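Starting off, we have a lone chain in the form predicted on its own, written out as C-alpha cells.
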Amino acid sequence: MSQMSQTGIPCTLMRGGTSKGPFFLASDLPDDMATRDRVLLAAMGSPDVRQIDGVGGADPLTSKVAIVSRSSRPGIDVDYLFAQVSVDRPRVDVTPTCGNMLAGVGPFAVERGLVRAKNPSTPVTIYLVNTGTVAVAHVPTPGGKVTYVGESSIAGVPGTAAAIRIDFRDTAGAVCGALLPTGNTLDQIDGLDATLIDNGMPMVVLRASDLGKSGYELPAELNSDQKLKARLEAIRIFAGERMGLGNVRSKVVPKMALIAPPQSGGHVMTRTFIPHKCHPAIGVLMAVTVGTACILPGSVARNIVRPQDGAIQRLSIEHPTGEFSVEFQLEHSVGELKVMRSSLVRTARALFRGELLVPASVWEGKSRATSADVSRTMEHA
C-alpha cells in the first residue's frame, strides 16, 4: 500500500434545489461499483447518525451524491447517476433518482467543461441513469458563464438565485415500467384507497383523512407518530410488491404521500415520506408524480383536486414549507391520458470546489495527481 494516508478526489459540493451533496466526474471515481460505494460511504461519513467523519449533513436530504460523465448516447450531453447514501447504515442506493440534485447537474457539466456554454442560456440534455429517462436543464449562462445570481426563490431555501427550468421527458413508468404499475388508477390496500403511480418516482398516494390525519401536521409531529409510521411501512411493503419492486424493506422506494385539500390557494396539500421520515418540503420527482396522480380521473385525489381543462395544466402543490409548481403537457389518446412533458423551476449553487479526501485504506485512487494538477483541473470549473 502507498505511504499516502488519504486519497484526494476532485469534487464540487453543490446545493441542488432543497438537497445538497458532492458532485463528481465519473472518471474520478473507482470503476468497480463495490469500491465506489465504499468511497462514497467514507466521503459522506456513513454509517453514523452525525456523519461526523465525512461531508454528509446527517439527514437524507444532505446525504446525496451526483456522478456525472460526458454521454455517448445520441442527442444526450451528459449522464447523471444519483446515489442516496444512507446516514446510519452502510448502504448506497442507486435505485431512485433525485430531481433536486438534478438541478445542479447542468451548471456542474458546463463548469467542468462537459458542455459548451451558450449566451444567454445553455440547454443541457441529461440522461438519468437510475431511471433511464431524459431531462433538459436550461442553465443561465449570460456571456457564456454560469451564473447563480437571480431573483427566483424556492421553498426551503433562503434568498434568491438564478432560475433553472427543467423539462422531463417520458418519465412515466421510469422505475416500475408503467405509469400505473398495477393497471389501476385506484387500488385498495389495508382498507384504504391508494393510487400506486410512477412518473419518475414510484409512490403510494393516500388521503391523510383516511389515516386519521388532517394532512396539515408538522413533519416533527408525523415523525413522532410511531403507530402511523408502522402502518405506512406495512402499506409500503405490500404496495412495493404490487408495483413490481419486489421486497422493498431495504429500498427507499416507493415513497409515501398523504394528500389533503389545499390551505394557501394551491391545488393540493402534501406530506411526503422518504420513505420513513417526513420530508420538510417535497422532492422534485415526488411533486411531479403526486401532481400526475392529482390530474388522473378516478384517482385517490378525485375529491380533493378539481380537474382542469386543456392540454397544459399547472398545479400548485403545497407542502410543509411552501409550495411547488409543476406544469404538465397532456395528450388524450384512445381514452388514455398521457403525460408528454413535466416542467418545473429549481435553483442551485456551487458551494465548494477542491479535493474530497477519503482514507487510502478505502481507495488508493486512479492516479497520484499533485495539488498543482488538481488546481489546474479545477480552473476549468
Ligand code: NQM
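Quick caveat, the model's predicted, so the values are computed rather than measured. Residue positions are given as counts along the sequence shown, with the first one as 1.
Unshown form predicted in complex with this ligand; subsequent notes refer to it.
None of I259, V124, M201, V85 but one reaches within 4.5 angstroms of this ligand in the predicted complex through a heavy atom, and that residue is M201.
Between this ligand and the residues V284, A239, V205, A135, the one pair within 4.5 Å by heavy atoms in the predicted complex involves V284. Of the heavy atoms in V139, none are within 4.5 Å of this ligand in the predicted complex. Using a 4.5 angstroms limit between non-hydrogen atoms, C98 touches this ligand in the predicted complex. In the predicted complex, this ligand lies farther than 4.5 Å from every heavy atom of R112. Looking at V157, you'd find every heavy atom of it more than 4.5 angstroms from this ligand in the predicted complex. Remark: none of the three candidate residues (T171, A293 and K338) comes within 4.5 Å of this ligand in the predicted complex, counting heavy atoms only. Stretch 59-67 is the answer when you ask which of 59-67, 313-321, 349-357, 45-53 has residues with heavy atoms within 4.5 Å of this ligand in the predicted complex.
Taking this ligand as it sits in the predicted complex, the stretch 153-183 never comes within 4.5 angstroms of it through any non-hydrogen atom.
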